[in-house]
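What follows is a single chain, given as structure tokens, in the form predicted alone.
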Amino acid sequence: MTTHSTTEPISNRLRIVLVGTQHPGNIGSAARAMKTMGLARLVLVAPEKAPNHESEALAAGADDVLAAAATHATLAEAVADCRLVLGCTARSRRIALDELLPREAASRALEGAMAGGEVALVFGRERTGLDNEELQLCHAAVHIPANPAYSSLNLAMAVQVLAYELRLALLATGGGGPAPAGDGDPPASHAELEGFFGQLGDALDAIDFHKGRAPESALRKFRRLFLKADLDSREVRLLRGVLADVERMAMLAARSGGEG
């Protein structure tokens, strides 16, 4: 899990995540867009090509952001320690997520960072964006209200829009000073929540909650319900303890029925 000193700026808890980037030059352009707005944490997920000379050329002075970029095999790994994950996407998707405008997204991201959590803004592939499985890992969607007659935004342009809004939000707090220390239990990380959702799915199967119906719809609704609750680590452990008892009782009932 990522840790930060309480003397570090809030912006250090904000990361830009690029998924499946197809053109190395776009990685460099995104790094430049970030640095102009005071952001430094770039994360790459399974880029088709690693950053190269083209990336460095288009970074145009943001070589430090590019050089420090972390690379992960999956989005789940890249956001495992995050409290909040916002996915930048077009509107027409099958995954039901709350939709935020860039300014709303920046405000929510800053709230999460100031509360002591790690925050990720996720951008998908140049041609196809984020797939449904990746969007399922996001807590909300961010939609840039571009001209509907010509809504094509270059990846770096989209990063610039969100980075600018984050910059405004940080300046409104007094310039993005030190992040306050959190009180009480830490917020549940993305990995902790995904573990809980996996166990919840198993428990619902164990008690035949779905009654033969496809489980995806119910699981999406439960996911949105618990994400809105903004659970901390202790609350997740408590809920997982309840689920463990549910699974144990279901197993005992199944054995009893089989013996009868």
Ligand code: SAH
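Residue numbers here begin at 1 and follow the sequence given. The model shown is predicted, which means the values in this text are computed figures rather than measured ones.
Beyond the structure shown, there is the form predicted in complex with the named molecule, which is absent from this document and is the topic of what follows.
Looking at 186-194, 68-76, 108-116, 149-157, which one sits within 4.5 Å of the named molecule in the model of the complex if you count heavy atoms only?
Careful reading of the contacts points to 149-157.
Residue (of 137, 82, 130, 170) lying close to the named molecule in the model of the complex, criterion heavy atoms within 4.5 Å:
Answer to the contact question: 130.
When the contact criterion is heavy atoms within 4.5 Å, does residue 97 count as touching the named molecule in the model of the complex?
Residue 97 lies outside the contact set for the named molecule.
So in the model of the complex, does any heavy atom of residue 103 sit within 4.5 Å of the named molecule?
Heavy-atom contact with the named molecule at 4.5 Å: absent for residue 103.
Please determine whether residue 120 contacts the named molecule in the model of the complex, using a 4.5 Å cut-off between heavy atoms.
Outside the cut-off, so no.
Is residue 163 near the named molecule? Define near as a heavy atom within 4.5 Å, in the model of the complex.
Flag for residue 163 set to no.
Heavy atoms within 4.5 Å of the named molecule in the model of the complex is the criterion; list the residues of 62-89 that meet it.
Contacting residues: 88, 89.
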